[in-house]
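Below: one protein chain in two forms, given as structure tokens, structure 1 then structure 2.
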Structure 1
Amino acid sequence: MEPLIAMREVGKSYGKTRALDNINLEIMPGRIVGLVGPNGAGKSTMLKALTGGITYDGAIKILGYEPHSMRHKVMLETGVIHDVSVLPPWMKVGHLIEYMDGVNSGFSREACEKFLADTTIKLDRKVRQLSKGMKTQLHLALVLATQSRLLILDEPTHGLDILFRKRLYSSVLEDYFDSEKTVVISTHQVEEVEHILSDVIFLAGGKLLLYCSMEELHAEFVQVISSAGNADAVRALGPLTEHDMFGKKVFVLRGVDRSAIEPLGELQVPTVADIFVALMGGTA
């Protein structure tokens, strides 16, 4: 099986700033991948490179295409949502749906209108009359109704309320997703998508900090909540982070023998955010 995305020694510089630094990875079909990193980590630069929006060093293949020289092919076969709406402000919602139905053979008008039926968006309203959140909802409806094999979401729920965000991640993506498709999600609200992710990519300072499956992540990292009396014994194992919580000590450890630490406290599965902060040395 061929990867939908392949990056080889990919780099990008803006002046003296190295936004991407020799990124190597492959993303296969049937994965939901979370792209995690602080502001300035290189997340948006990576997504722009993947969708042909910028030039770069190294090599990228996305759906078999080089994205910059064949951007029209990539964009026809990839659903992309950025946190800034790019919809034409002068068009009415209904006309926009008709346009998509006419130019894209993979577009399902029925699926789009079904999605919009759960919103307050009216077909006779112009895009410019919609709030930022409504524009995002409309953009999502148009993209999700196009049966592309790859969906790239860059802060897709920015400006949306918590109810819609929960609906998007619990039901809408399930309707879209299958074993032949892949979703890449970049978001600061990683706790909202953690339950649907199959893989995570950690970026920091333009470098690939970690890329693995959620199963590998949970096997590699463990959180221990111990009493103050056991804290020194846990510290001897070289935890990545330590903090206080209601009179107890909380540690995140990597690659330790769990049978050796079970007597020292309560073992828990750390969140993706906790692991990322731990790898960043306790700050992010």
Structure 2
Amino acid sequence: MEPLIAMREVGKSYGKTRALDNINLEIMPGRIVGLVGPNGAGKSTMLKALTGGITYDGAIKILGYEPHSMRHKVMLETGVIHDVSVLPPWMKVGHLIEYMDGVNSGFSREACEKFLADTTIKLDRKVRQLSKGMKTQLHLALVLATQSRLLILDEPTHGLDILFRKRLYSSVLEDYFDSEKTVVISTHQVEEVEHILSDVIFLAGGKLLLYCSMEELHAEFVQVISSAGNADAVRALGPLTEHDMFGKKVFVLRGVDRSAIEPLGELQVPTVADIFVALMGGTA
């Protein structure tokens, strides 16, 4: 099976700042990939490179095309939702749907209107009259109504309340995702999407820190909650991080034999955020 996204030695510099540094990865169809990293990690730069928004060093193939020169081809099968509202504020919802219908041959007007029928968004309202949540819903409806194979969500829930956030991700799962499609989600609120991710990418300082499936992640990392008496024994195994919690010691370890640490405390599956912080040396 051909990868949907392939990046080879991809780099990008802004002046003296290296925003992306030698990124190599492949993303296969049917995956939901979380892109995790602190501010300035290179997440937005990576998504811009993937969506043809910037030039870069190295090579990228997305849906079989080089994204910068063939952006229009890539976008025929790619939906993108950004962190801020980017829909033209002066347009009426109905006109926006008509516009999408005109410029995107894979767009289904009926599907979009059906999606919007479940919301309070009216076709005769202008985009600027909608709340932030409604704008995101509208954008999602436009994107989900296209026959895209790839969905890129760049901090899509930024500024939305919990109800909208939940609804957005359930829509992505129920109305969009299947084994042929891929979703790339960049978010700071990784705990909200952790349960739907199949893979995770950690970026820091423009470098690829880790890229693996959630299964591999859970097999590789383990969290141990031990008593103070066992702490030194755990420390001897080289934990990535250590902190106190309710009088106990909490460690995150990588690549250790679980049978060796089981007697030392309670084993838990660390969250993606915990693992990321651990890989960052507890400083992220």
Partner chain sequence: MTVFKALVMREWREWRTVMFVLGLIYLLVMVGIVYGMHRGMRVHSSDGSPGVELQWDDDDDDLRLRDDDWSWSGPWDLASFVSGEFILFGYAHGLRGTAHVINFALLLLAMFYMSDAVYKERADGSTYFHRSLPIQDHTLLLSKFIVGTLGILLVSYLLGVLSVAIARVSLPGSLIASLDEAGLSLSQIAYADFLFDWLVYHLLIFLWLSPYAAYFLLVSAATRSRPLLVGLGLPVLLATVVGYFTQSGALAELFMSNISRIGNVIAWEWQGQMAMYPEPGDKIELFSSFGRYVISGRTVISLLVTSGMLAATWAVYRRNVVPSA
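Residue indices: 1-based, along structure 1. Computed from a predicted structure; not experimentally measured. Rigid core here is just the name for the largest C-alpha set that superposes within 1.5 Å across the two forms.
Shown second, as structure 2, is the form predicted together with the partner chain.
After superposition on the rigid core, the Cα of residue 98 moves by 2 Å or more between structures 1 and 2.
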